[in-house]
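The chain that follows stands alone, in the form predicted on its own, written as structure tokens.
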Amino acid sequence: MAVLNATPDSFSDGGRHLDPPAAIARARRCLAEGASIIDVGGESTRPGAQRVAVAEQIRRTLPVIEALAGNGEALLSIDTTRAEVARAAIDAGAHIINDVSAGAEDAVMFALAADTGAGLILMHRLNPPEADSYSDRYASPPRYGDVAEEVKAWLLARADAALAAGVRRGQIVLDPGLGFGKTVEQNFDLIAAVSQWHAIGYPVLSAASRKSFIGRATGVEEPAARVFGSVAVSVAHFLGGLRLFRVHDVAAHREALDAAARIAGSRGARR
């Protein structure tokens, strides 16, 4: 799943793909590099980001979705917490709703997913962007007893709420929300634990790409330069059983995950 931020203020590539032709060209490069899904967003979810009106999100994302959907070039995801934005995107050809609030910000989101049959990604977070901090900058760190168990229980509760609203189990993907409401240490505890969620009953999305906790671990301050650390987390998750990855650097991840797939499928791995 390739990240495509049609925003001026995303943490690693804000402003680069705000213009629809630039965003469409970027999407096609990602597909050529091996992406299967393009995740288009019109509102940054970085810590401290300001909220974006529904109409502006639609204005930023729809031209990209319409252009890509018109040629049937890829599976398309809309990254939004607003059902009105998601509805417009689905009508324009999107197939998946990527909701970082897990349906908590808009009570209509689950009904929309149930009505349309769109895929639904539910992510864990403690606070909305305007009340959050980067993982390595918390003045008062988030408190968990067991971060992995608490995140898993919260996600399963949100999935249950979606099922109760008529969403089918096969539509749902869970995202532990790396970098959202977790310290550096909590993120790495969660990374290690997610590979053990084999009995959770839902596909799990790995979405560590370029995040601040990777920068703290590797000493790389510039988000766009955090390629190797991002790939390392994705490969670890692949070898732990995950198969969905939301990334910025598609070519690097595609190459590394292809190699990891050979390791996972090797005779030695099956012994």
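Here the structure is a predicted model, which means the values were calculated and not measured. Heads up: residue numbers just count along the shown sequence, starting at 1.
There is also a form predicted in complex with 6-hydroxymethylpterin-diphosphate; it is not shown, and the following applies to it.
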Q: Can you check 86 to 94, 146 to 154, 177 to 185, 159 to 167 and let me know which stretch has heavy atoms within 4.5 Å of 6-hydroxymethylpterin-diphosphate in the model of the complex?
A: 177 to 185
Q: Work out which of Val233, Leu205, Ile58, Ala35 lies within 4.5 Å of 6-hydroxymethylpterin-diphosphate in the model of the complex, going by heavy atoms.
A: Leu205
Q. Of the residues Ala118, Leu190, Ile121, Ala74, which one places a heavy atom within 4.5 Å of 6-hydroxymethylpterin-diphosphate in the model of the complex?
A. Ile121
Q.
Can you tell me if Arg46 lies within 4.5 angstroms of 6-hydroxymethylpterin-diphosphate in the model of the complex, counting non-hydrogen atoms only?
A. yes
Q. Contact between Ser135 and 6-hydroxymethylpterin-diphosphate in the model of the complex at 4.5 Å, heavy atoms?
A. no
(Q) At 4.5 Å between heavy atoms, is His237 in contact with 6-hydroxymethylpterin-diphosphate in the model of the complex? (A) no
Q: Spell out, yes or no, whether the shortest heavy atom distance between Arg246 and 6-hydroxymethylpterin-diphosphate in the model of the complex is within 4.5 Å.
A: yes
Q) Relative to 6-hydroxymethylpterin-diphosphate in the model of the complex, which residues of 83 to 108 have a heavy atom no more than 4.5 Å away? A) Asn98, Val100
